[in-house]
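Quick setup: one chain, the form predicted on its own, written in structure tokens, and binding and motion questions come after.
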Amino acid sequence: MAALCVEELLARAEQRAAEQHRSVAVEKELELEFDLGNLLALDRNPPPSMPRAAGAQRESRLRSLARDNTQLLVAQLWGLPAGRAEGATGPLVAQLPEPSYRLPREKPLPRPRPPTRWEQFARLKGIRRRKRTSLVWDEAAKQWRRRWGYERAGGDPARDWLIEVPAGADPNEDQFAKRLRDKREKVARNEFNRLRNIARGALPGRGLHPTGHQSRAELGRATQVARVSTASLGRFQPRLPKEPAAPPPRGGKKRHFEPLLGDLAAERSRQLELLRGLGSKKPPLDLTRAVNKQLREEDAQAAAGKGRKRGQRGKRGRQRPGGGKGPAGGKGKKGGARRQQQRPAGRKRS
């Protein structure tokens, strides 16, 4: 029994070794169709019959089938002409033929962009676009340098060790100091122009014109407004030469927050007061708001009473067109009645 177990174990080990080191020769009933341009292999052979219940066995057979087909495809690739990619020490690369199968695309081909008017004009005139290189040959340094920027070709004129005195200039004048002074003035002028451009957009109706007709105070105010227009309110903005120190900017009212670790009793009382206000059914009474509301109502009533009295006065003063307030109208009538009452009773005159 032990001998049978040993033989079975040896057979399994040989089978595993054979699977790991399987021969490159693969036999198929029907030859595979290859499209080496697309690295495609088509297997027309019927798949082996596999029961549905044996999941592990079906997986192993599918792996074996994929391995055999891949082996045949790799064998076809080794039959193609090959060469070194980067000289004699580069990797071996096979030259693939043109693909025979036309694979479908996910999206249609993009339409060509119609040429612009300039492209049409350039094509008609034969104008070709030439891209300027970023490196140029520096004759002084005898090497390739950048066309612009730091360490550009030609070098920085301020670093020259020798400056030729121009014709008509004072031979005793220091040309290095003059060049440095001109550079500082140029930087200051550019900074002033930059601030003027900012002020022109920051001050509606008070922008600075390129000709310049503003007074010194207006220019100073515009410069100050442009300076504090930055995110740091001009704290890190460099100052112009001979510019007076500006007063500290007036910031808005800052909010004060309670510390995270502070008086626990005060925090507890605030939270309890908030919960008490949320849990109570009656709304909290604001005395200031209530008094203001009462005062507004009293003022409204007083104003309405004054308007009503004025209306009544107007109605009393109005009378009909025939019955005016003449001096002889009412008084004569009242006086006549009194005289009739005072006249003694007697016989009427005929």
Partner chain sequence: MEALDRVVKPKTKRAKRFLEKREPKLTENTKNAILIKGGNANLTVTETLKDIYALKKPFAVLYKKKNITRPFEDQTSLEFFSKKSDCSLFLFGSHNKKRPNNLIIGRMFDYHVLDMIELGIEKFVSLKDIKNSKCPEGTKPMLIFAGDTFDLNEEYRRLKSLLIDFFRGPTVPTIRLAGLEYVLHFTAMDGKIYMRSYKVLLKKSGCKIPRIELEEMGPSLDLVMRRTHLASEDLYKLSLKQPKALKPKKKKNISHDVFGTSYGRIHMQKQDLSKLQTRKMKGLKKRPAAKMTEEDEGISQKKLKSV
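Because the structure is a prediction, the values reported are computed rather than measured. Residue numbers count along the first chain shown, from 1.
Missing here is the form predicted together with the partner chain; even so, the following discussion is about that form.
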Given that the partner chain is left out here, which of 127, 136, 96, 233 has a heavy atom within 4.5 Å of it in the model of the complex?
-> 96
Among 164, 106, 258, 173, which has at least one heavy atom within 4.5 Å of the partner chain in the model of the complex?
-> 106
Report whether the minimum heavy atom distance between residue 279 and the partner chain in the model of the complex is within 4.5 Å.
-> no
Contact of residue 59 with the partner chain in the model of the complex (heavy atom, 4.5 Å) = yes
Does the partner chain come within 4.5 Å of any heavy atom of residue 77 in the model of the complex?
-> yes
Non-hydrogen atom contact residue 195 with the partner chain in the model of the complex at 4.5 angstroms = yes
Segment assignment from 266 to 274, 176 to 184, 97 to 105, 216 to 224: heavy atom within 4.5 Å of the partner chain in the model of the complex = 97 to 105
